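Only one chain comes next, encoded as structure tokens, the form predicted on its own.
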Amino acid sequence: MLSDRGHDNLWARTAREADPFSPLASDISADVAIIGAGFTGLSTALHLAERGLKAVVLEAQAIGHGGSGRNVGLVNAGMWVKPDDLIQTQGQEWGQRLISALGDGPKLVFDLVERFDIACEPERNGTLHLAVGDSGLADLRDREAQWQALGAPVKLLDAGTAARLTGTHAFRGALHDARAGTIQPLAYARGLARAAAAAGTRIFTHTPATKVARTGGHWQVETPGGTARAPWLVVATNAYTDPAQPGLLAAPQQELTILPFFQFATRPLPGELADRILPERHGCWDTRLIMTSFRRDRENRLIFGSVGSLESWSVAAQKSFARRSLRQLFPVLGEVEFEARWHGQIGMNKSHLPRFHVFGEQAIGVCGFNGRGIAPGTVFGKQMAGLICGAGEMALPATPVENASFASLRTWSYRLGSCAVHLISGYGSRS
């Protein structure tokens, strides 16, 4: 697990304060027990409550403590995998079903934001996937053709338009996806929790699950303060699964390689700079193997992120890389000062696609969001709620948990490799 020592998560500082949920301190019963209070677990709980079922959510830390409160905030439609490759991996029927469900994912997110009045800085103007060099442009041309063949509102913009929308001439073009947008991710997670609780869900924070067992047709989830008992169990811990826990509590971690991702936030830009850098507030990421992202928040902070961690041994190199990159991308910024820094974990798997698992009788979960957790987590939470109620189907087939070969070694290679690359390079030198 990545250490948060010395971190200041901008999202935690700018989100509406979380509701005062308490640890579980007694034995309780519900229709469904959910482990994990991120996008997936909270969406499941909210949609169960709207169908009249009582859920209990058990969170080891605070609402959105994991990836839900640490990510870039891009509400994307689809996964990293191109549509044709996705269909080849999943098969025609399942592939089309998944593409359709995830294509509608941003709409579900923004509809929930509007319906429950979640103050999470929604920007529903699309995202920009930025082409670095000729190979990046060729990749985006291929993506455009595949998405347009499916009728998606995805368009490749030329270099001039990309420069106008980003404020930099570093890119050969940009793929604009009109379905997508950005949010303040932790504020969204806290808003889902607030909505679920108002609909009847019981949420307990700082309540780690320590043991799970199936007894007499019910799941019993033991915690330090009490036991939750329910016929159904949903495991929604993904990249923040504790591998030290016993049995199915650790199952999602078995097939995941952990990819660290850090972010730095500048001080708010003055009006004249904000008008020149991301003037329409698009969320952006690039085509590099070691991906870089940038966006602006409502207070005009420029938020820059890339693969890597901010441990004591790596933070200086990552900070220097972030400063060099921003100066190269946006010379008008001058000397860059950061007011916040934080990192998180992305759960990667072999297929680069989420996987739906049946862990036991009436025990289910989805893991492996591969850096695309906001819309897919919301979608699969709703679908799992429908499945439990007998009123819907998943867009993923049920698959067994796979063991990720050399996952720990690959995780450390990402942490060390990204730091080494960032130590000796800037943005321009990697183009």
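Start at 1 and count along the sequence shown; that's the residue number. This one's a predicted model, so the numbers in the text were calculated from it and none came from an experiment.
The same protein also exists as the form predicted in complex with a small molecule; that form is not shown, yet it is the one meant from here on.
Enquirer: Looking in the model of the complex, is the small molecule within 4.5 angstroms of a heavy atom from every one of 157, 166 and 283?
Expert: Negative, none of the three is within 4.5 Å.
Enquirer: Using a 4.5 Å heavy atom cut-off, which stretch among 272-280, 349-357, 232-240, 327-335 contacts the small molecule in the model of the complex?
Expert: Among the listed stretches, the partner-contacting one is 232-240.
Enquirer: I'd like to know whether residue 74 contacts the small molecule in the model of the complex, with contact meaning heavy atoms within 4.5 angstroms.
Expert: Residue 74: contacts the small molecule in the model of the complex.
Enquirer: If you check in the model of the complex, is residue 389 within 4.5 Å of the small molecule, heavy atoms only?
Expert: Close contact is absent here: in the model of the complex, residue 389 is far from the small molecule, nothing within 4.5 Å, heavy atoms only.
Enquirer: Residue 382: heavy atom within 4.5 Å of the small molecule in the model of the complex?
Expert: No, no contact at 4.5 Å.
Enquirer: Is residue 61 close enough to touch the small molecule in the model of the complex, meaning at least one heavy atom pair within 4.5 Å?
Expert: Answer yes; at least one heavy atom of residue 61 falls within 4.5 Å of the small molecule in the model of the complex.
Enquirer: Which of 245, 201, 184, 90 has a heavy atom within 4.5 Å of the small molecule in the model of the complex?
Expert: Looking at 245, 201, 184, 90 one by one, just 245 meets the 4.5 Å heavy-atom criterion.
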